[in-house]
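In the block that follows, a single chain appears as structure tokens, in the form predicted alone.
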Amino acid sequence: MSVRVLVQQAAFDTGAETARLSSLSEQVGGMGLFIGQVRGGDGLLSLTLEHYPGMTETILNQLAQEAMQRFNLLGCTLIHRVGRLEVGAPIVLVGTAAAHRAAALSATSFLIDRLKTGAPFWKKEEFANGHTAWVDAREEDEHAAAAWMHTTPSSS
């Protein structure tokens, strides 16, 4: 079982990350992949992400380990970018590898839902008119993360 967690300013290489997950074991039968990017609209220019170095990586590792055990994964990658990111820039990569597709896809959903509420990142939006605003937690993200407290994984 392999967990890779990175918090970084640099862009990630999606091809290299999926190749790494694919090569972990000949037992890999499915991979799940989610790439989040900065969504535009309403004059948004960029999103700046801040975090507590060390604490953030620890929490991401805990989430990854929980997913590994809960979904019987063969591998897991979490990469989250920080710093100023313009609209359209990739911001997060969640990759999972499992023997079966359902486990890989469910684990990917679990991780992105839990990242949205459990990982200590602070986001500030910058708009074309010069206005800036910190992003509040969204109620629907809290509901999505809480739903995993009552969901059992599928392994087929």
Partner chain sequence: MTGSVNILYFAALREQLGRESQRVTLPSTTMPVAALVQELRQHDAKLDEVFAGTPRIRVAINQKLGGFDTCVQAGDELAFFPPMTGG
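Numbering follows the first chain given and starts at 1. Small disclaimer: the values here were computed from a predicted structure and weren't measured.
Below, we refer to the form predicted in complex with the partner chain, which is not included among the displayed structures.
Under a 4.5 angstroms non-hydrogen atom cutoff, the partner chain in the model of the complex has residue 119 among its neighbouring residues.
Among residues of the shown chain, residue 100 is not one whose heavy atoms approach the partner chain to within 4.5 Å in the model of the complex. In the model of the complex, the partner chain sits beyond 4.5 Å of every heavy atom of residue 140. Contact annotation for residue 87: none of its heavy atoms lies within 4.5 Å of the partner chain in the model of the complex. Considering the partner chain in the model of the complex, the lone stretch of 64-72, 22-30, 102-110, 121-129 in range is 121-129 [heavy atom distance within 4.5 Å]. Taking the partner chain as it sits in the model of the complex, the stretch 76-93 comes within 4.5 angstroms of it through a non-hydrogen atom at 80, 91, 92.
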